[in-house]
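Only one chain is given next, in structure tokens, and it is the form predicted alone.
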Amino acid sequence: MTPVPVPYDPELEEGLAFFLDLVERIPLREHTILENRAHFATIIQPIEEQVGDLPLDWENRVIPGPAGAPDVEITIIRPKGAVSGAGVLGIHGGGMVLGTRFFATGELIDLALRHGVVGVAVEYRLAPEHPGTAAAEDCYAGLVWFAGHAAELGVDPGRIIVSGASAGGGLSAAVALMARDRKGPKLAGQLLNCPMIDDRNDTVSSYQYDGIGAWDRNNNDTGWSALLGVTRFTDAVSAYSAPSRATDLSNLPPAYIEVGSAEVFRDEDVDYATRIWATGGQAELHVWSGAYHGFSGFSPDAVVSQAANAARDSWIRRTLGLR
């Protein structure tokens, strides 16, 4: 019996239709990854246009990459006036195969303007050209650099969070695991927005959104198979690629996990929060009723989107000590 999907909030349907028009022109499959990248490159607004005349400074830098790997490009965004001393490492989404760091700069611009936060957006290597943990290692290199240069940027190294949506949320979870395991920078928190964390794609919600939705089961299979190849579904999969594979979720920084009730990642994200709680850890979980993948960005005026944005902002302010 085919699982019955949770219906969408009617107020979100217009935004979902717009999202689908963007992403479904070229279905994401193994043979269309490059075509999709080219398409998405045309809709990513350059950083110069994103910032425009806003009272912000931004700069691109090249920093050391992981050992034995290429250097990593980052973009730093900060307010022209006083900074709050808080920092956010922003990691973009794109199913592990699409996008650039400029997918993640909108959040950093907003936080810099409203809260005086300094943001660093990190460019990571994409699959399938760079499989396994390459993307997570690049993001972790960004965190190490950020924490090591915090004073230069006016940031307290103890007030940095990692943040991302979708694949960026999964990579944010991976960075938090790496920082714990390697005794690296001590993160103040991890913001996991509808994170992509489980390669097995075998939950009820993954079957409910097979062929429908902003990011469906088929897209998810494409992304995970590109990242993991023949190791997918095996015990060789690293938790730094698929954080749900981690057997120990103790001693992690406080997590904020949000997801829609009407999307593929719902069940794996709820499970991740539950497993953090089981270790005595801190996780704030929000499952937004009738919400599709990425809903708050594409349906910003909907009541549920406003509630989600307010809840996320509350956690950021509490976690980073912002007014």
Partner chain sequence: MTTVPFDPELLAGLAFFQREIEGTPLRTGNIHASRARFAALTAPIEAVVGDAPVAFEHVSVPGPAGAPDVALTVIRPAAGTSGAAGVYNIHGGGTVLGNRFFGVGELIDLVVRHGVVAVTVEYRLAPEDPYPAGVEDCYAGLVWMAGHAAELGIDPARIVVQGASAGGLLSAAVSLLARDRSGPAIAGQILVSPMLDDRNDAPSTHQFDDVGVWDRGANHAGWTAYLGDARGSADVPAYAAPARATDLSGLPPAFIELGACEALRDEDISYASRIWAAGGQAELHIWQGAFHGSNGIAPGAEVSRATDAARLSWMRRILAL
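Numbering follows the first chain given and starts at 1. From a predicted model like this one, the values you see are computed outputs, not experimental measurements.
This protein has a second form, the form predicted in complex with the partner chain, left out of what is shown; the following refers to that one.
Looking at the partner chain in the predicted complex, residues 4, 281 and 303 each place a heavy atom within 4.5 Å of it. Within 4.5 Å of any heavy atom of the partner chain in the predicted complex lies no heavy atom of residue 60. Contact annotation: residue 277 falls within 4.5 Å of the partner chain in the predicted complex, judged by heavy atom distances. Contact check for residue 289: a heavy atom falls within 4.5 Å of the partner chain in the predicted complex.
The partner chain is not shown here, and in the predicted complex it never comes within 4.5 Å of any heavy atom of residue 20. Between the options 75, 219, 208, 100, the residue in contact with the partner chain in the predicted complex by a heavy atom within 4.5 angstroms is 208. Checking 204, 236, 151, 82 against the partner chain in the predicted complex, a heavy atom within 4.5 Å turns up for just one residue: 204.
The stretch that touches the partner chain in the predicted complex, counting heavy atoms within 4.5 Å, is 249-257, out of 140-148, 111-119, 249-257, 88-96.
In the predicted complex, 303, 304, 307, 311, 314, 315, 317, 318 are the residues of 296-323 with at least one heavy atom within 4.5 Å of the partner chain, listed from first to last.
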